[in-house]
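There is one chain below, alone, in C-alpha cells, taken in the form predicted on its own.
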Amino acid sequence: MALNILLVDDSKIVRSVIAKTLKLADIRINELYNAGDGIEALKILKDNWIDLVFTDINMPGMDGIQLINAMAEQSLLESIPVIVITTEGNKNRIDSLKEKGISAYIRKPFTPEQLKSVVEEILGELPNYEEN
C-alpha cells in the first residue's frame, strides 16, 4: 500500500528530513505533498486524496492547531489521521490536541523506527517493499 502523505511545516529543511526519514523507515509513498502552513495544507486537502498528515504546531499564517481545528470542523480528522511532529512538549497542549482527535504526537528529534512504529500503530502493519 503506497500512501499519499501531506507534510506541513514552515521549514523546507524539516519537511525534507521527514520525507527522508519516511523513506528510511521503509514507508511506501505514492504522492508526497508539502505545505508551508495550514492555509496551504487545507488547499491540498481540498484537492487531493490524502492518507496521512504530518504537521508542526508552530508556523506563521495558519499554525498547526488552527489547521487541526479547521480539519475537525470539516470532519477531516475523522477520516484523515494527523500526526503532530514538533519540538514542543507541553503536556496540556498535547492532551488538548489528542482530545481534538489527532492520531499521534512525535517529539523532534525522531528516528525512522519511531516514525514507522507510529504509522503502523495508526494504519496497521505496512508491507515491506523493494524499489525497482
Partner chain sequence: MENKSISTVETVFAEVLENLAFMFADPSEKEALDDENSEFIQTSILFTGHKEGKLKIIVPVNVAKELAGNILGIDTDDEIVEADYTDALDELMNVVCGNVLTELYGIEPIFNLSIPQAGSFDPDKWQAELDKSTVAAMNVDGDPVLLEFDLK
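Not measured: the values here are computed from a predicted model. Positions refer to the first chain, counted from 1.
Omitted from view is the form predicted in complex with its partner chain, to which the following refers.
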property	result
Contact test, all of Leu3, Lys116 and Val118, partner its partner chain in the predicted bound form, heavy atom 4.5 Å	no
In the predicted bound form, the residue from Asn48, Ser75, Asn30, Thr87 that sits within 4.5 Å of its partner chain by heavy atoms	Thr87
Contact label in the predicted bound form: Val17 to its partner chain, heavy atom within 4.5 Å	yes
Contact label in the predicted bound form: Lys108 to its partner chain, heavy atom within 4.5 Å	yes
In the predicted bound form, Lys100 touching its partner chain (heavy atom, 4.5 Å)	no
In the predicted bound form, Lys43 touching its partner chain (heavy atom, 4.5 Å)	no
Segment that reaches its partner chain in the predicted bound form - one of 22-30, 90-98, 65-73, 35-43, heavy atoms within 4.5 Å	90-98
